[in-house]
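Next up: a single chain in structure tokens, the form predicted alone.
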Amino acid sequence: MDKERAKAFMSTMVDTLNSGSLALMMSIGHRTGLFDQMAGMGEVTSSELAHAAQLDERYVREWLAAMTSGGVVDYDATSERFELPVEHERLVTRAGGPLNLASTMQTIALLASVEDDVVDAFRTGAGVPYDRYRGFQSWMAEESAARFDSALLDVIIPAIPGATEALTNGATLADLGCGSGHAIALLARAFPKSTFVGIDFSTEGLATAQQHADEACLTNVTFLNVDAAALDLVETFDYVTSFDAIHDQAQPHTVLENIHRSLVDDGTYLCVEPKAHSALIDNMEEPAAAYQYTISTMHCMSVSIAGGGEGLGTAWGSNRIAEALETAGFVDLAPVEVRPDRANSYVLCKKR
């Protein structure tokens, strides 16, 4: 046995334990607003921070100890004051939009809540149905809203050739897997002459989407509560988008065929999926590969299998995405760079 290798692995495991623990505490810092409160405050005591955030000082003090130990905040032992470095702010506060990794840390607790179900799935080969993931819908809504607010109107839509002009003059666009409908609402406000349709199987998400649309008096929006595999619309939309939705589907290839059929001739589909390579070996150097395979095992793949699907997994990758789009009949595949969202691959394609 190589003792040095064993010692190095022990160190890695301790780092992993610390990092996993820190992720939970960062999630709490996001949910309680502690990071947002600390931003710009300069050096503060635990009492001052707790008072400003209207939280219990004892809990805040222990949380600050974890943040200090994890290198997230700075600490002056003489004055017993803590400070969130300006260099860290955009990565842990809501002001960072899609760069806010403290929001993403919520996935650790969300996935852990279904660990028993996933362990059973390892034994039975069955999946874990979507309704077991309590809180996942609201987390996805928060993550998506941050991405859409920062990039949808200024970067994503302008990246689709002719889309801004077409939507300004009046076109039809469907967002498949729309969730709580934040993207649809942004588009409907920006392009009042166009018609927008949100499609999702989640009654919870669509109820929220409809409520927000009603409150905003968006009359150019409708929602369809339907499984995308059962979507039966023909030549209805000029544009279709899907954001991180295809790999979760029980029947992804059927869904892509349905999207193709729903587009008018020369219609455009924007397919957004997690950025990854299709071969494991090609992902080995990716910084978040372990996280990606974990969320795949504990959610994306398992949800698909629960619906009787093949379980593509989060990291099905760019090669398989392209193959699936071409098999469904799409042509002129073209990657699009969206710098505010570096976690996903954006692929434009056409129906001919």
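All residue numbers are counted from 1 along the displayed sequence. Worth saying up front: this structure is predicted, and the values here are computed from it rather than measured.
Only in words, not in the display: the form predicted in complex with a small molecule, which the text now covers.
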item	value
Segment assignment from 153-161, 108-116, 241-249, 214-222: heavy atom within 4.5 Å of the small molecule in the predicted complex	241-249
Contact label in the predicted complex: residue 190 to the small molecule, heavy atom within 4.5 Å	no
Residue contact check: residue 210 to the small molecule in the predicted complex, 4.5 Å heavy atom	no
Touches the small molecule in the predicted complex: residue 137 (any heavy atom, 4.5 Å)	yes
Residue contact check: residue 147 to the small molecule in the predicted complex, 4.5 Å heavy atom	yes
Position in contact with the small molecule when the complex is considered in the predicted complex, options 92, 173, 276, 178, heavy atoms within 4.5 Å	178
Partner-contacting position among 195, 100, 268, 202 - heavy atom within 4.5 Å of the small molecule in the predicted complex	202
